[in-house]
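Below sits a lone chain in structure tokens, taken as the form predicted alone.
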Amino acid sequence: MLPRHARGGGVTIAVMQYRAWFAAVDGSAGTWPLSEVIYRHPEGSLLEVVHDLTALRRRSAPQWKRLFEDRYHGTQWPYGSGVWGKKEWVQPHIADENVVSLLEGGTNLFWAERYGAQLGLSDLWIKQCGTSHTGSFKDLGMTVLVSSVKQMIADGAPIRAMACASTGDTSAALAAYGAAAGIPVLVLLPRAKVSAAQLVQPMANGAHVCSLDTDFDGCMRVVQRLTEDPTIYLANSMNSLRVEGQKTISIEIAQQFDWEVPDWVLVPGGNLGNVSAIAKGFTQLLELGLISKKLRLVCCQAERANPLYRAYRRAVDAGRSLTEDDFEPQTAERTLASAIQIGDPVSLPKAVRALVEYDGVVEQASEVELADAVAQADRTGMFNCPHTGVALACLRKLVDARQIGPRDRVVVVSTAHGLKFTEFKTRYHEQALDGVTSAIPNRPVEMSGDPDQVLGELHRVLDGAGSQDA
């Protein structure tokens, strides 16, 4: 994108005519401006951002589509961002000069032709959210939150820092966007439960990194206490400004399919903010007439951190829809999918509502299943994180159970880049993952430096390689 002083013309519209505000998820009375430091309704309910649909409907669905297409990957600040290209639908109150963007969004929707064929699917797509600036989908929400904080500070709010609890990706995104904005960042991480690459990201960006002797849920309890101080702004996904950025995944998927909707979207679930965000994006598309069909949503959990899956099974076994009463928090066990090692997700109410609204399914994957799914997908050209592996393993289960049909259009949301988890991948191929016997390890072939011997060995390797599609 061009910087602020080099903005072009063409697609600018008066965004300040649009309004949005906080309101309670459960319908409790009251609204608050988006500039208010508030995360829950006074009676306890989570908040969500509500948009003035009457104002948004003054533009027709074809006009919105044209506007979004004109802005996509463009050079006019800040609309080339995959998030800020939908500014009126996300956070219309931010002045352009206070937008903090690192060109998030606009990520590849990859046709997984070879991998889909192995599963018996002809129309499988992977939304590669991990190709964003810090390597995960968390950038989508963090650009909105940090931009909002920068606007609040510009308007006189006494905010002196932003803080988050994290299993890795949230801290990386907050630290990067905070550094770009010049706003101090406090990060609370569970000790020895994030990858080296995830740990170094907030350190490199200058955040104050705190390693706590607890799990993510414990870090979350601490950061909620910390942010009772209104000068320290909470940056976790219970802050519904984050959801507004993350919902653009759905808008972008529809746009990349020429405004058609897939049959299924599968997403890994930990703190459950992304589940509700994706549903919210598709709901807004429906409300404003850009799409006319509902898809089905699948939340995918690791077997060792599966409180929503257990709740879902209770509801299914009782022959009824999922409710919050089915949920019981748990102490999450250690899992290779460390970013979703969460036993008491704060976004549960929103996720339950989303799954009911979209005829949702919750599935789980074991450590062996997720590790092998990553390795198999990698052999078809992907390079996925273990959390995407959870979704891919759950996809296989749903295909095998014939819930997902061979001709269904399926999108799997890949949440982070595999380069953040090279230790996991290395240990898989070295057969060194605890409790996992790798199905398709691929170790280097050791050879001498003699050309004749190397050539002979390489031909033997090629002759014995066979097909990787098995």
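All figures in this text were calculated on a predicted structure; none of them were measured in a lab. Numbering starts at 1 and follows the sequence shown.
One more form of this protein should be noted, the form predicted in complex with a small molecule, which is absent from this view; the next part is about it.
J.: Is P190 one of the residues lying within 4.5 Å of the small molecule in the predicted bound form, judged by heavy atom distances?
T.: Output for P190 is no: heavy atoms all beyond 4.5 Å of the small molecule.
J.: Does any heavy atom of A339 come within 4.5 Å of a heavy atom of the small molecule in the predicted bound form?
T.: Taking the distances in the predicted bound form, the answer for A339 is yes, it comes within 4.5 Å of the small molecule.
J.: Hey, in the predicted bound form, does V412 get a heavy atom within 4.5 angstroms of the small molecule?
T.: V412 lies outside the contact set for the small molecule.
J.: In the predicted bound form, does K247 come within 4.5 Å of the small molecule, counting heavy atoms only?
T.: Close contact is absent here: in the predicted bound form, K247 is far from the small molecule, nothing within 4.5 Å, heavy atoms only.
J.: Just one of P78, P307, G281, G273 has a heavy atom within 4.5 Å of the small molecule in the predicted bound form. Which one?
T.: For this set of options, the contacting one is G273.
J.: Can you say which of 107-115, 81-89, 133-141, 328-336 gets within 4.5 Å of the small molecule in the predicted bound form, counting heavy atoms only?
T.: After filtering at 4.5 Å, what remains is 133-141.
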